[in-house]
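The chain that follows stands alone, in the form predicted on its own, written as structure tokens.
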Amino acid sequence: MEEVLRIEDLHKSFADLAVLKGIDLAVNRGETIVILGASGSGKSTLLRCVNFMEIPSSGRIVMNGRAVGRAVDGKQTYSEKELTRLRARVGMVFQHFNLFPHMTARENVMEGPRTVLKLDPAECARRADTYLDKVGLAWKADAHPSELSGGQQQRIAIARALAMEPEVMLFDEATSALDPELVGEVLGTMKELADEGMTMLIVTHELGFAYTVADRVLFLSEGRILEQGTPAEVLTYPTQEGTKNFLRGHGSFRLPEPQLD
């Protein structure tokens, strides 16, 4: 399979607090990877380092075989121009929607292509309409965020990220701020993206979603990958005590019923 993203010996510290302690990960094009772990394990920091919302303390991010930044005296340095280009290729959806309240749904989705990619208005509008339709909200194109449910706002946020036509999508607890009855519509949109072959790294506590959608599941503990494998391997037959303890705390998780011959 074609590798699109590689993370090499990634470390991230905030002052004296080491959050990531040597992450190595190769991501293939079209792969859906779900990242699990307790609060404080480094999941969100990992995603934020991938698109350089946080600058790694050490280690490398490699996109399509090319390292981001350049080594100077043994340390990677980055130009803002290079990071802007990378962020356009790596879309991110956050826990909170962060839509511009004074803009309509269509205007929110158009904003990135207009200001970052410098596309002409017709192409920005085309992309907005295309991706609003993809998330099932073309009919809400002229609505403002205050007129939308939380689930609809998050789907607009997904459309906004997709309008940049990224190579990789990052989801950081995209459903955790939603009322339970709205979670399903966002997870459904994410599943459709996985089915269509979008490369995705997803931080979530939705274990049923991880089991049915992920190609690979990672379990982070104290800034390291403690365990990884297929959903069945990690969620059904974990080998590490830390993974087992985490799963014991999610008693609502139910595996699909076995198929009988």
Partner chain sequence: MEHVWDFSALLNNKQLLLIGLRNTLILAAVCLGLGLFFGMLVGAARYSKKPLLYWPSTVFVEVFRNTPVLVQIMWFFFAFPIISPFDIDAFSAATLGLTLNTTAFSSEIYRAGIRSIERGQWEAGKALGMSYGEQLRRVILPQAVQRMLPAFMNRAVELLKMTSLASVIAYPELMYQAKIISTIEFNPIEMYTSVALMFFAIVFPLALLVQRFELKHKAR
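Numbering follows the first chain given and starts at 1. In this text, all values refer to a predicted model and were calculated from it rather than measured experimentally.
Heads up, the form predicted together with the partner chain isn't pictured, but that's what we're talking about next.
In the predicted bound form, every residue of the candidate spot (Met53, Phe94 and Pro101) has a heavy atom lying within 4.5 Å of the partner chain.
Although the partner is absent from this view, Glu111 contacts the partner chain in the predicted bound form, with a non-hydrogen atom inside 4.5 angstroms.
The partner chain is not shown here, and in the predicted bound form it never comes within 4.5 Å of any heavy atom of Thr77. Among residues of the shown chain, Leu137 is not one whose heavy atoms approach the partner chain to within 4.5 Å in the predicted bound form. Contact check for Lys191: no non-hydrogen atom falls within 4.5 Å of the partner chain in the predicted bound form.
This chain lacks the partner; the member of Leu132, Leu178, Val90, Val186 within 4.5 angstroms of the partner chain in the predicted bound form by a non-hydrogen atom is Val90. Only one of 68-76, 81-89, 122-130, 178-186 places residue heavy atoms within 4.5 angstroms of the partner chain in the predicted bound form, namely 81-89. Along 158-190, these residues reach a heavy atom to within 4.5 Å of the partner chain in the predicted bound form: Arg160, Met164.
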